[in-house]
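This document starts with one chain, in the form predicted alone, laid out as structure tokens.
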Amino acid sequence: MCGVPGPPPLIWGDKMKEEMMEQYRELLTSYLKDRREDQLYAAQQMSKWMMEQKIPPEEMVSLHAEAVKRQMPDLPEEVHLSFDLLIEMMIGYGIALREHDSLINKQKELDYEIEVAVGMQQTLLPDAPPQLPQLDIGVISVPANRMSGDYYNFVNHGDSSIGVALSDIIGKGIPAALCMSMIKYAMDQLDNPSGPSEILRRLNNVVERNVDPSMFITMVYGVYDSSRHTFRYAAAGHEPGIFYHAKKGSFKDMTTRGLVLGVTKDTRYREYSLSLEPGDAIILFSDGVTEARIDGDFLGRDRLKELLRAHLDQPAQQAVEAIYQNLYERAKYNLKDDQTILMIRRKNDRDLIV
């Protein structure tokens, strides 16, 4: 197991019990005589030590009962019998306490394993967007919880072309992370990356064979050709992206059609194409963005476009970070789903000069 075990408890044998009995009897005698605060403090420290040594509570009560009997042997029989009843009650309490401690230890082990999984999941994502002469790319991906169901990747297609993938695994925690690792591995095996529709077709076959039907995976995959400044893309049930036309200052919803990955074997995905002029941008995102709750309502695509417009004059990385921060604040720091925003913008002439 990954957890680090603590030191073993001391054996509560006859010798130790007799030593503790003598110490406790002396403490009880002195307290009954003087009733000082330091004696109460000493009792607290003794109790703390006994708990650290995992001594059951019924043994602690039994210790007190024996000390009282030795100190006051003439007590009525009813008093001695009451201690027997209290000890029996403490046995059940002790069992429950040990079960509680066991659950805490198991939770610590699980937390450690999850932290390891979180670290491994981060290695599946690119360290930073690729740097291309004519493109400005920015991306931010923030999990709602410790592990994310969103995945993005960049693939070198050669000939000045770059592939961009954004996927949303409908699920949480470790199952989603395992699906993410499978998608990453499958994409790494694409030795000769082809067009977006063919890539989705091949990924769909992998998911259909290996993922439980209860898990749903959406994806958009596009290829930006820097020589022609075209963006060819296909989608598998993913939230449609947004295209920004710089000259017109207008937004357009990208057309997307296609089943989520893994539903049926040999699914075909339709391919679309966009031409980008200087300053034009493509914004891809997971549905956690548009479904963020703002004042009780979904953010929606129209209000997302307002956020985009407010930050499109910034470099792509600064823009996506500012958009997320604005959304996070408007949601009152309570986002229920993973947030991923990816921006691809063709640089304009002044950016190329700089």
Partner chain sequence: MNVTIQEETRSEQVSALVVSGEVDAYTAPQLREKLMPLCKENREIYLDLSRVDYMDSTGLGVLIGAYKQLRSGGGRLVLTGMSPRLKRLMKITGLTEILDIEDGV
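Residue numbers count along the first chain shown, from 1. Quick caveat: nothing in here was measured; it's all calculated off a predicted structure.
Unshown form predicted in complex with its partner chain; subsequent notes refer to it.
Residue contact with its partner chain in the predicted bound form: P240 places a heavy atom within 4.5 Å of it. Interface residue remark: W49 is not counted as part of the site for its partner chain in the predicted bound form, having no heavy atom within 4.5 Å. A residue is said to contact a partner when one of its heavy atoms sits within 4.5 Å of a partner heavy atom; R293 meets this definition for its partner chain in the predicted bound form. Within 4.5 Å of any heavy atom of its partner chain in the predicted bound form lies no heavy atom of K248.
Only one of T264, S194, S275, Q189 lies close to its partner chain in the predicted bound form, with a heavy atom inside 4.5 Å, and it is T264. This chain lacks the partner; the member of I174, L125, I170, L86 within 4.5 angstroms of its partner chain in the predicted bound form by a non-hydrogen atom is I170.
Considering its partner chain in the predicted bound form, the lone stretch of 250-258, 181-189, 100-108, 156-164 in range is 250-258 [heavy atom distance within 4.5 Å]. Residues are counted as partner-facing when one of their heavy atoms sits within 4.5 Å of its partner chain in the predicted bound form; in 292-316 these are R293, F298, R301, in sequence order.
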